[in-house]
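Shown next as structure tokens: one chain only, the form predicted on its own.
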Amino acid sequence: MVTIRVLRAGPLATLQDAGRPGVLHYGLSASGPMDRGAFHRAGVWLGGAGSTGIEFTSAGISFAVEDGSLSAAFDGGAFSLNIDGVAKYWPTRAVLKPGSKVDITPGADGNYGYVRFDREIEVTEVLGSRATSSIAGLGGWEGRALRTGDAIPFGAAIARRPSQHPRPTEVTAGPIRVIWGLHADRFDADTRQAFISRSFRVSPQLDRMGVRLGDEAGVFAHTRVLSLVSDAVVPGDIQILGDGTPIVLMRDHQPTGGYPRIATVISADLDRFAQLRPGTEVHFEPLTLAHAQEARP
């Protein structure tokens, strides 16, 4: 048996796998990693990883190996990593032995980081996935965020393949690309033009459900209260709330929404958007659906 013990966990540190797509009709979002690219890279660079890893937020996480040994890979954002008191490069991979202590603390950029292991985390699948759904309270570790003292067990080692070397990833460059949303025509032409020509700012009010944006330019300041019949929403939808606040829906979004969606962040840019820290200025750039599909990872 291989076990790690959580020594410190920032808010919303959770177990995630690729998620549970196809269950929206049950009232559940797909969940899964906020930065899917970083989660995937950690598994590739490890050369064989269990489907489930740890997602942690900008506060970081610390854990110790209590029994056995295992390999781990680290990616996402830009964090500071110490293993047994020795500073390591980020991102990287490492062999963890019994007694090894891993301490991840905030770095220069990013909201989310990942640890993948060469063993499968032994938790029960719910609807075909081990991903934690923060809004529904299911999956992952008892349906909740990780806490100090949790002892996470692992199964057999995963067959290894040739691994690749990690490389740094830029998370803040360029505008965030969008396609016009289902309700874009409910906003007048001047508002739509201002939406793509003015800037917004990532607010401190962000989590796995959504990211509120500061509208310092007053793009939606004079938008009348709009309310619609609720219908299905998807990650990346940009809703305009009744008070004019824009909110970008994320991986644990509610299943339906009754506010108009002016645009949707394309899937190729949603990882990058998720990593933008509070205070970051955001510009949106519209694409055609065809171009959005071409950019799809």
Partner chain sequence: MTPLILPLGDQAMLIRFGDRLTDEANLAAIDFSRRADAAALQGVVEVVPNLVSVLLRYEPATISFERLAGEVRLLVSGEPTGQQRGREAVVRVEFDGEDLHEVVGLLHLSVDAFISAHNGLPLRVLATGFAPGFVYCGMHQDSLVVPRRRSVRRRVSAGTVLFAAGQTAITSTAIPTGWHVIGRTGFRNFDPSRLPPSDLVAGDVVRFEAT
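None of the values given here were measured: they were computed from a predicted structure. Residue numbers count along the first chain shown, from 1.
The same protein also exists as the form predicted together with the partner chain; that form is not shown, yet it is the one meant from here on.
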So the partner chain isn't shown here. In the predicted bound form, which residue out of L241, V234, V44, A64 has a non-hydrogen atom within 4.5 Å of it?
V234
Answer key, the partner chain contact in the predicted bound form at 4.5 Å (heavy atoms) among A157, V123, V126, A217: the residue is V126
Please check if L182 has a heavy atom lying within 4.5 Å of any heavy atom of the partner chain in the predicted bound form.
yes
Taking any heavy atom pair closer than or equal to 4.5 Å as contact, tell me whether I196 reaches the partner chain in the predicted bound form.
no
Answer for T264 alone: is it within 4.5 Å of the partner chain in the predicted bound form, judged on heavy atom distances?
yes
In the predicted bound form, is there a heavy atom of the partner chain that lies within 4.5 Å of any heavy atom of H25, even though the partner is absent here?
yes
Spot the stretch among 88-96, 109-117, 72-80, 182-190 with residues whose non-hydrogen atoms come within 4.5 Å of the partner chain in the predicted bound form.
182-190
Out of 135-160, which residues reach within 4.5 Å of the partner chain in the predicted bound form, heavy atoms considered?
A136, L138
